[in-house]
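Shown next as structure tokens: one chain only, the form predicted on its own.
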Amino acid sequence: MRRTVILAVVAALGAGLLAGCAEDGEETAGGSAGDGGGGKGRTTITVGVFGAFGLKEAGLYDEYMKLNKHIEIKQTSIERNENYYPQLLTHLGTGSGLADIQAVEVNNIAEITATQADKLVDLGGTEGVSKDAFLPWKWAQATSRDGKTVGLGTDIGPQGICYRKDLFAKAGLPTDREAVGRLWAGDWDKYLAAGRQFKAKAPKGTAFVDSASGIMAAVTGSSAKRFYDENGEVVYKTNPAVKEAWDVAAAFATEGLTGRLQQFTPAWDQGYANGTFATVSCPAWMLGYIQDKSGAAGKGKWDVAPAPKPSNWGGSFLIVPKAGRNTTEAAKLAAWLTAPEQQAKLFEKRGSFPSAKAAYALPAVSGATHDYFGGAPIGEIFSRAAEGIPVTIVGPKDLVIAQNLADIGMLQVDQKGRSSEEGWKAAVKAIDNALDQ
């Protein structure tokens, strides 16, 4: 029996990418209370996160404390990762001010693994942790060159294509999700071709996709090699996969197939409300966001089809600093929080898709559908996508490169009418300055 997953609005921001609306955002990461610090003989475990991470909101801390009467869990949160992460690096450097467990966003895990592994507990051997339970690429992202697994994955962001059935029908395109998926199966150029078909009969005032930058992020997310090579060298300028992503996205922009929007802005939100674009690349965590911004009027009009190629956007990890006072208990808690059963609960209650493949067979995931999206079998769709995602090479400045390609380069092509070459040069200049090359 399928179960309907109600994705809370706040879950749309995902545990792994956008940090916002922290319930306890006024708090700052602090030190461990230490054994007995919880009072009444209990041990307090502190957990430092960014944004509305979801573990607390899903009730997992309460459940763990019921199972372990000697444990008290206290969470501190900093609203945005760009403020949280520099503090985490500083605290790791000084060995003070750290929570017993700290969250790490996927775009930062390579730097943490490469430069901070000696300050972190190797969680690979913790009781209850099984490498085989996780997706291989997720496990590899937090494993150092000498084989220490310093982070356990919480969630990932496998992507589909969310599309408006009503706009597809008016444009003469199929609306059934399997037929829609066949339009672009296996090739991002087929997605571009579908956009051209849509444009030929597009309802007035609508575009095929929301933004060129969104396309670029989705295409780069489907490649094993993006911005860095196996030796840790920055290669985005010469990597054919990045060139393909840039060219496809630029074609969407220059051919007038986008709504010329920037994602996560008020204008983008308004585009959902007014139904001005027909498709958007959507990780599992974005479904709640779409539901919120499209409102009641959008129910039943949206659906989800597989993306042209498996692709990932977002995800996070939990690490245990050696400087913490309760490393043994913290490692046990991190192992429990990231176990398949708990990840399935997090997906059911918060929409964060499991990084533990062992969770995909559990009813909360395998049977998940979404009423707002026409009863789409989101558990099946996103599980298939997750298992097809390549083992991506992540680098320490992935986020810097991705943001400048999107917000400096492609945005100029999409919104200001600059040529593809001009946009690329602007992005490269900004990235070079940021990386100080």
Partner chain sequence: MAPVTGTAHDTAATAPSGEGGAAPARRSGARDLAAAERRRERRSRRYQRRSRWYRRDVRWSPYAFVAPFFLFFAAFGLFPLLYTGWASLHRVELTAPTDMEWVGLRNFARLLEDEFFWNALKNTFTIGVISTVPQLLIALGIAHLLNYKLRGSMFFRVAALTPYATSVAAATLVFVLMFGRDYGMINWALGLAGIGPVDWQNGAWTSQIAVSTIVVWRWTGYNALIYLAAMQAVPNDLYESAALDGASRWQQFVHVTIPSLRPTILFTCVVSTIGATQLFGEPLLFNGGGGATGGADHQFQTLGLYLYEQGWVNLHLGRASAIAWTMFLILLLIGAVNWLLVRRLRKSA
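Bear in mind that the values here come from a model prediction, so they are computed numbers and not experimental data. Numbering follows the first chain given and starts at 1. Throughout, rigid core stands for the largest set of C-alpha atoms superposing within 1.5 Å between the two forms.
Below: the form predicted together with the partner chain, not depicted.
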### Task
Answer yes if any heavy atom of residue 195 is within 4.5 Å of a heavy atom of the partner chain in the predicted bound form; otherwise answer no.
no
### Query
Should residue 400 be counted as a contact of the partner chain in the predicted bound form, where contact means heavy atoms within 4.5 Å?
yes
### Query
Given that the partner is absent here, does residue 80 sit within 4.5 Å of the partner chain in the predicted bound form, heavy atoms only?
yes
### Message
If we define contact as a non-hydrogen atom of the residue within 4.5 angstroms of the partner, is residue 420 a contact of the partner chain in the predicted bound form?
### Response
no
### in the predicted bound form, the residue from 47, 55, 411, 385 that sits within 4.5 Å of the partner chain by heavy atoms
411
## Note on the structure
The one residue among 250, 337, 261, 318 placing a heavy atom within 4.5 Å of the partner chain in the predicted bound form is 261
### Query
Out of 352-360, 139-147, 152-160, 111-119, where are the residues with a heavy atom within 4.5 Å of the partner chain in the predicted bound form?
111-119
### Query
What residues, if any, in 77-101 have a non-hydrogen atom within 4.5 angstroms of the partner chain in the predicted bound form?
80, 82, 83, 85, 86, 89, 90, 93
### Query
Does the distance between the two CA positions of residue 219 reach 2 Å or more between this form and the one not shown, the core being superposed?
no
### Core-superposed comparison between this form and the one not shown, residue 265 Cα displacement 2 Å or beyond
no
